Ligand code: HEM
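Starting off, we have a lone chain in the form predicted on its own, written out as structure tokens.
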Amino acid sequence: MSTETLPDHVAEHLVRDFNIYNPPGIEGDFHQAWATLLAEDDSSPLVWTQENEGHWLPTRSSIVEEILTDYSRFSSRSIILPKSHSADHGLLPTTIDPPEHHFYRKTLNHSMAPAAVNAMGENIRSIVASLIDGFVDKGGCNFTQDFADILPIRVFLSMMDLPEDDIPQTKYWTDQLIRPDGTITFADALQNLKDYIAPYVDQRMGKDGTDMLSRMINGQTNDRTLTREEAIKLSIQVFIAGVDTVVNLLGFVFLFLAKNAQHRAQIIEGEISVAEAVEEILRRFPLVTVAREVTEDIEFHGVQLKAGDMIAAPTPLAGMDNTFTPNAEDVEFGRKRGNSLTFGRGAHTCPGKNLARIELRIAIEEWLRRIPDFHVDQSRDVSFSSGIVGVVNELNLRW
């Protein structure tokens, strides 16, 4: 790799050829590709890549955890790589730090409270059952298109009271923010989402609606409500999370279950609860890679960082890092000690984690009730994509 434009404070021996959107070996396994970063010793706790305008990469999950929790040195004002894309982002509350962050986070927490999410349980179960019943007698399905791409989005749009007919277009814009393919600019994709959500915000602000969007934009926190601009930005951030993250978690969860009959049997025979199984599978398959901006010149784990440097926080490392969780690569139901970064850490821990858990739990329960024995269709390749959120591109199952 050329180091002609290497920043003065970056030593050449720390440079790695690593692109977060195309890590080495991504065609075979998403998490194994990320695991090529893991250090076997403490000699290189941080490395530098020239890709995506240049940024730091940690090689230990404990350092990822440190970055996510230390907002004074690692700011969320820039969370997208390359850094130039962060200037177009500006969504709430992901791009602001405490204490200003607290107001928006409280607003979100009220909307995503466990009681509100749990109340969705029967509706989620009905959607899951109807989807499975639509293909169970066929002996196989394209799991991605027939189930994973539909379930979380239908649940989310039901919660937000938005039309299901808008799914294809809005998902395309969302994908271009998280895994851009060059067909539209980051800024244009974001603007399209703003233009889409703004009329719904205008329609519902100041009204007593019971849907999640109405409750979120009209709720009072610290004796004030959101402004129109704040409501639009917060709604888009919730929309992006709602139509993408759980979709991709489902892909990795069911790919694992399809390949591991013994683990399925533990669930079916009641040796382990579905909720416990979900926690361990989540621990093993984290997907999200956000970034942070260094706020001041510091020495961090023996490496000199400069104010303005970007540093990635790749949670996928945690599913493979034996220094973070013993025998991390092994899925051990009933594990007594398992560190997880799947929903992040610190002030920006995913507010939708309770909704994700209940969707995954119900999906597994209803699937195993109807299709206890299934496997990956060997006639179709399984491939992966990387980005802010990792993806199983297409998963075909047979039974």
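What you see is a predicted model, and the numbers here were worked out from it, not measured in a lab. Residue indices: 1-based, along the sequence shown.
The same protein also exists as the form predicted in complex with protoporphyrin IX containing FE (HEM); that form is not shown, yet it is the one meant from here on.
Candidate site formed by 114, 120 and 127: none of these residues places a non-hydrogen atom within 4.5 angstroms of protoporphyrin IX containing FE (HEM) in the model of the complex. With protoporphyrin IX containing FE (HEM) left out of view, the stretch that reaches within 4.5 Å of it through heavy atoms in the model of the complex is, among 168 to 176, 99 to 107, 263 to 271, 193 to 201, 99 to 107. Though the partner is left out of this view, residue 344 does reach within 4.5 Å of protoporphyrin IX containing FE (HEM) in the model of the complex, counting heavy atoms only. Among residues of the shown chain, residue 93 is one whose heavy atoms approach protoporphyrin IX containing FE (HEM) to within 4.5 Å in the model of the complex. Although the partner is absent from this view, residue 74 stays clear of protoporphyrin IX containing FE (HEM) in the model of the complex, with no non-hydrogen atom inside 4.5 angstroms. Interface membership of residue 54, defined by any non-hydrogen atom within 4.5 Å of protoporphyrin IX containing FE (HEM) in the model of the complex, is ruled out. Out of the listed residues 355, 363, 37, 64, 355 is the one that sits within 4.5 Å of protoporphyrin IX containing FE (HEM) in the model of the complex by at least one heavy atom.
Only one of the listed residues (238, 81, 231, 148) places a non-hydrogen atom within 4.5 angstroms of protoporphyrin IX containing FE (HEM) in the model of the complex, and that residue is 238. Contacts of stretch 150 to 181 with protoporphyrin IX containing FE (HEM) in the model of the complex, defined by any heavy atom lying within 4.5 Å, are made by 156 alone.
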